[in-house]
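Have a look below at one chain only, the form predicted alone, in structure tokens format.
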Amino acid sequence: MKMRAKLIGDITEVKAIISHPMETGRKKDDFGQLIPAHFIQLVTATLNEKPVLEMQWGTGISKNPYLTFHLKGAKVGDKIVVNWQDNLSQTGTGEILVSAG
């Protein structure tokens, strides 16, 4: 996962790209076989270990999703962690320190 978090004024803009196939389970491969569903179901974010975001996703999200959200109350040097879990119980995490914009 690639992440960036910049403090601009009193708002922190967080951007993340999550590497994930995000298969719906309805697409076929070159041999006509259905590709099994494989998609992110839950995304959470914390600021200094306090929850600030929780999202439930489904098959409508594209491959390698790009996520942007804004936070109030963060300071330069604060830690933001983004976690995800998919329908196959695979997980991923990314963390970054807030930088000045």
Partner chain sequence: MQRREFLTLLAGAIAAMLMPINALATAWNKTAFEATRLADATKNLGIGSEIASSEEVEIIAPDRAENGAIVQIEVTSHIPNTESISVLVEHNPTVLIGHFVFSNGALSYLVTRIKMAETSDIKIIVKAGDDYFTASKNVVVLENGCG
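Residue numbers count along the first chain shown, from 1. Note that this is a predicted model, so its numbers are computed, not measured.
Missing here is the form predicted together with the partner chain; even so, the following discussion is about that form.
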**Request:** Tell me, yes or no, whether residue 51 is in contact with the partner chain in the model of the complex, where a contact means a heavy atom of each within 4.5 Å.
**Result:** yes
**Item:** the partner chain contact in the model of the complex: residue 32, any heavy atom under 4.5 Å
**Value:** no
**Prompt:** Does at least one non-hydrogen atom of residue 81 fall within 4.5 angstroms of the partner chain in the model of the complex?
**Reply:** no
**Message:** So in the model of the complex, is the partner chain close enough to residue 18 to count as touching (4.5 Å, heavy atoms)?
**Reply:** no
**Message:** Going through 53-84, which residues have a heavy atom within 4.5 Å of the partner chain in the model of the complex? Please give them in sequence order.
**Reply:** 53, 54, 55, 56, 57, 58, 59, 60, 61, 62, 63, 66, 67, 68, 69, 70, 71, 72
